[in-house]
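One chain comes next, on its own, written as structure tokens: the form predicted on its own.
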Amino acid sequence: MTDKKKTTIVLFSGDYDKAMAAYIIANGAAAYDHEVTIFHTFWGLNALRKDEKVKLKKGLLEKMFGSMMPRGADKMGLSKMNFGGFGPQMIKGVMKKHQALPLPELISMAQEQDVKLVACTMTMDLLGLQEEELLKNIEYAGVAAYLADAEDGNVNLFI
């Protein structure tokens, strides 16, 4: 009996299209019976943010970061052709026409397929994000935990 293949992805980007690519790859790998981890760090954490505002006690700098970052996967901008926020609406229209799943649904699908979604605790500290602001059923860990997963990975990607 062979060991299960492992795929790890570092999602560093906060761009909608790049996060979509990470989740499409993750869902595809999970469908091929890979053990999949997505390690969300820096702006990639925005994919895990809840859509609604969560009232928490924060310092000035943490409040500023929170207000500048998109709240939830569906509010993320595009890496190219953002056009002041109009670009994401255009791409979402094209995706709907071609029956492609939007990012929030890809995230839900990944959770249903037991893709391990990990929020980087060091980055959360730096940006002032708290667990209550992120989706349920995700894990919290530092870079050492990611490296332990990646060490045995058959596929390791940085997006």
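This one's a predicted model, so the numbers in the text were calculated from it and none came from an experiment. When you see a residue number, it is the position in the sequence shown, counting from 1.
Although not depicted, the form predicted together with a further copy of the same chain is the subject of the following passage.
The shortest heavy atom separation between I25 and a further copy of the same chain in the predicted bound form is within 4.5 Å. Interface residue remark: K97 is counted as part of the site for a further copy of the same chain in the predicted bound form, having a heavy atom within 4.5 Å.
Of the heavy atoms in V143, some are within 4.5 Å of a further copy of the same chain in the predicted bound form. Contact check for D114: no non-hydrogen atom falls within 4.5 Å of a further copy of the same chain in the predicted bound form.
No residue of the trio L56, M109 and E131 has any heavy atom within 4.5 Å of a further copy of the same chain in the predicted bound form. Contact annotation for 134-159: residues with any non-hydrogen atom within 4.5 angstroms of a further copy of the same chain in the predicted bound form are V143, A144, Y146, L147, A150, E151, D152, G153, N154, V155, N156, L157, F158, I159, listed in sequence order.
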